[in-house]
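A single chain, nothing else alongside it, follows as structure tokens in the form predicted on its own.
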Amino acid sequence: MRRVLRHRNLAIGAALSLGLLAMALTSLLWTPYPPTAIDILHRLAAPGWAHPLGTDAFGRDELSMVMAGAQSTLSVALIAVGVGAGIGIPLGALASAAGGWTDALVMRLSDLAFAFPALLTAVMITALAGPGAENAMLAIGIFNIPVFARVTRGAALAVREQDFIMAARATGRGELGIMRRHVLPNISAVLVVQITIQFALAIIADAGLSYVGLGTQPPFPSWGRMLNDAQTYIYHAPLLAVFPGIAITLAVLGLNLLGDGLRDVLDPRLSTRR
């Protein structure tokens, strides 16, 4: 715990991540204005007491939209990472335990999945089912599966070479029991750090998909679509692009710092005295 409190990156990352979570949860119960409320009389208003971050081209309150956008972004990222980890981790564990053709098959399927980035996968899914947040979750989740599979396989193979694994085999424990009781607990730190990294990447991917119209659909706000809408008025109201951009930057920065700090704290070999 002392190491956690002394780690600057971890403290800053945790504060930014908790702030993002608090903003998303607060938007479920309260926002200064309804995020989708249109007020043409006050369109493109500058920041002031009535609207701390100003309004957009339809008179919608920017602060309310940024808060609601955090809810949308976290929902997409959470489910996408959950899909990737929920499928990728068991696949990686299976590949490391079975070896042979099973290992080769899982890795070749991972290589195939890497050939289709989240954006391209979203385009294909959209062509079949139409745009939407659900399809963005699916596209980002599919892209995350091979990432978790490769990380889990590599970490598990390193652990399986240790002496205590051979001792477990000598006692007659099966491969499934060894994976569940010995391998997965010893690679949990690596997986936790990877989850935070993929969470940050999922936020960027969701913003990119929303920017091109493949993510969260109107009227619900999303940070990526706010950036897309702002580019039309970049010379008249440049602040419209600044606030969602800052939100994305702080969210990704916080998660990256959190992952970096967790890596140092959970793996004493990488920690440095501070």
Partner chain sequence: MRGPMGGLVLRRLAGLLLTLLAASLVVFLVLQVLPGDPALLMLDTSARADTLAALRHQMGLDRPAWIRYLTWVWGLARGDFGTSYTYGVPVAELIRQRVLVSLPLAVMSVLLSTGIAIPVGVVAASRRGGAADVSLMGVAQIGVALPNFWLGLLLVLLFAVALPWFPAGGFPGWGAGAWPALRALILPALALALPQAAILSRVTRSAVLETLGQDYVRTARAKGLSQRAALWRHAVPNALIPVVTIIGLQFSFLLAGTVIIENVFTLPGLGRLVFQAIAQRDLIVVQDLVVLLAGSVIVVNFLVDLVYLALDPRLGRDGLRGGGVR
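In this text, rigid core is short for the largest set of C-alphas that superpose within 1.5 Å between two forms. Everything numeric in this text was worked out from a predicted model, so none of it was measured. Positions refer to the first chain, counted from 1.
The same protein also has a form predicted together with its partner chain, omitted here; what follows describes it.
Student: Just one of Ile165, Ala133, Val147, Leu191 has a heavy atom within 4.5 angstroms of its partner chain in the predicted bound form, so which one?
Tutor: Residue within 4.5 Å of the partner: Val147.
Student: So its partner chain isn't shown here. In the predicted bound form, which residue out of Leu253, Ala11, Leu18, Leu25 has a non-hydrogen atom within 4.5 Å of it?
Tutor: Checking each option against its partner chain in the predicted bound form, the one that comes within 4.5 Å is Leu253.
Student: Even though its partner chain is not shown here, does Leu227 get within 4.5 Å of it in the predicted bound form, heavy atoms only?
Tutor: Residue-level check for Leu227: yes, a contact with its partner chain.
Student: Taking heavy atoms and a 4.5 Å cut-off, does Thr196 contact its partner chain in the predicted bound form?
Tutor: Thr196 lies outside the contact set for its partner chain.
Student: Would you please decide whether Pro117 lies within 4.5 angstroms of its partner chain in the predicted bound form, comparing each non-hydrogen atom pair?
Tutor: Contact with its partner chain, yes.
Student: Leu112 near its partner chain in the predicted bound form, any heavy atom under 4.5 Å?
Tutor: Answer yes; at least one heavy atom of Leu112 falls within 4.5 Å of its partner chain in the predicted bound form.
Student: So which stretch, 236-244, 39-47, 26-34, 65-73, is the one near its partner chain in the predicted bound form (non-hydrogen atoms, 4.5 Å)?
Tutor: Comparing against its partner chain in the predicted bound form, the contact stretch is 236-244.
Student: So, Ala93, Met179 and Pro185: all three within 4.5 Å of its partner chain in the predicted bound form by heavy atoms, or not?
Tutor: No, the candidate spot makes no contact with its partner chain.
Student: Let me know which residues along 115-145 have a heavy atom within 4.5 Å of its partner chain in the predicted bound form, or say none if there are none.
Tutor: Stretch hits, in order: Ala115, Phe116, Pro117, Ala118, Leu119, Leu120, Val123, Met124, Ile125, Ala127, Leu128, Ala129, Phe143.
Student: Superpose the two forms on their rigid core, then report whether the C-alpha of Ala129 is displaced by 2 angstroms or more between this form and the one not shown.
Tutor: Comparing the forms between this form and the one not shown, which are aligned on their rigid core, Ala129 does shift its C-alpha by 2 Å or more.
Student: Would you mind telling me if Ala205 and Ala127 are closer or farther apart in the predicted bound form than in the shown form, C-alpha to C-alpha, with a 3 Å or larger change?
Tutor: Compared with this form, Ala205 and Ala127 lie closer in the predicted bound form.
Student: Taking the shown form as the reference, report whether the CA atoms of Met137 and Pro117 lie closer or farther apart in the predicted bound form; the distance changes by 3 angstroms or more.
Tutor: Farther apart in the predicted bound form, by 3 Å or more.
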